[in-house]
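Take a look at this single chain in C-alpha cells; it is the form predicted on its own.
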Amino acid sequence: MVTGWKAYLSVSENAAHRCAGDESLRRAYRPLREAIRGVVEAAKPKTVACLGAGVLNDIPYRTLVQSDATLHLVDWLPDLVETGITHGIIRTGDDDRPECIYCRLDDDRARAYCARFERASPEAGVCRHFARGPKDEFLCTAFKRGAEPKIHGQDATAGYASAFATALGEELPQATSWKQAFGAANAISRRVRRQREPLDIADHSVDLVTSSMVLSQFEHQPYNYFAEQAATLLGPPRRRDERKLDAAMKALRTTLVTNQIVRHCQEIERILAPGGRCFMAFELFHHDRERECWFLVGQMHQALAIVAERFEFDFDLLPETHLALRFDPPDKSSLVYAFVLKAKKPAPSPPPG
C-alpha cells in the first residue's frame, strides 16, 4: 500500500520536532545564523521571507524580530515552524534569569507576536504570564502566538514537489514493475510543471529572502518518497534489473532536482522587491566518514548554474568568512557555501541604428 504524501511527511515531521530543542544542532547551525544576521544588519530589510524555515535552527529569529521587519516563515510543515518559535523566544541572561525576545518590544508589537503578552516591571525579562516549561526547559508554556510572524504552510517550489508526490501516490499503485514505476514517475515529473501554487506572498514585496539548505534538500525529496513507496509496492529491484534501471533513476533525480530549483528561483524572483537581496546557502561538499573523503553533492553544481542564470552575485555585503562555512552537526560534516544574490539587471538596449 502506498503512503500518501502528507502521511509520509508527518514521519519526517516527528523526527524534525526533536531537533528544535537540540543544543548541539543549534551550535552547528550558528555560522549560518551569523551569516544571515550579517545580511540583515547590512541590508536593513523591512520585509523578510525565510523559505524552508523548519524549526528555525538556521534562522536568527531574535535578530529578525528585533529588526521590526515584517516576517514570513515558509515551510510545508508549518507545525515545525511553530515548534521552532516556541523554543526560540526564551533565552537565559547573564544572571541565569529567563529573557523573552518579545518582552523587549514595545507593547503593541509584543502583543502582535504573543496574544497573552502583559507587561511586567520594566526590568523584568519576561511578562506577567510567563510560565517556565517542564523540567525547567527554557520555554514559556503561557505563550500563545499572535498574528506575527506570518507562517505559510506551503511548498517553496510553488507546488511542484507536492504536485509530483501527490500525483505519484495516486498513480504508482497501477505499476506492476520497477520499469513501469519509473516510467510513471518520469512522466509525472514532466507533466506537473504546468501546475503552479505560488506562495501567499505578494509580488515584489520582500526585501530579503533567505533560502538556507533548501536546495540541498531537493536532491532527497520527493525522490526518496518515490523510492520508498515503489519498494513497498514492488519489493526491492532484482540485481539483474538494477543496471537497466540506473539510467531511469538518474533521469528522474535530475528532472526533479532541476525543476524544483528552477521553480524555487522563479518564486524568489516573483516575491523579491526591487533592490532586494536573497541569501542562499547550500551544501556543496559532504564528508563520507566511512571512506574518510569529501565529495561533491549530487546536483549542486547544476543548482549553482541555474542560480547564476537568474541572479547576480553580491560579494560586497558579507565578509569572505561568511561565504564558505564548515557545518558539523553530530552525525555528519559538510561545507556549505553562502551567497548574497540580487535580481539581474535587464540587458542594455542595442544602440539605435
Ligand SMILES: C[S@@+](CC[C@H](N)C(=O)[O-])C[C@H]1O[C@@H](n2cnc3c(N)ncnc32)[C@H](O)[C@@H]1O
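Note that residue numbering follows the sequence shown and begins at 1. All figures in this text were calculated on a predicted structure; none of them were measured in a lab.
The same protein has a further form, the form predicted together with this ligand, not shown here; the description that follows concerns it.
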**Prompt:** Hey, in the predicted bound form, does D155 get a heavy atom within 4.5 angstroms of this ligand?
**Reply:** yes
**Request:** Answer for V55 alone: is it within 4.5 Å of this ligand in the predicted bound form, judged on heavy atom distances?
**Result:** yes
**Message:** in the predicted bound form, does Q217 come within 4.5 Å of this ligand, counting heavy atoms only?
**Reply:** yes
**Prompt:** For L73, is any heavy atom within 4.5 Å of this ligand in the predicted bound form, or not?
**Reply:** no
**Prompt:** Given that this ligand is left out here, which of I101, A142, A175, L77 has a heavy atom within 4.5 Å of it in the predicted bound form?
**Reply:** L77
**Complete:** The one option of A273, L105, M213, I151 with any heavy atom within 4.5 Å of this ligand in the predicted bound form is M213
**Per-stretch contact check against this ligand in the predicted bound form, the hit in 289-297, 57-65, 318-326, 302-310 (non-hydrogen atom, 4.5 angstroms)** = 57-65
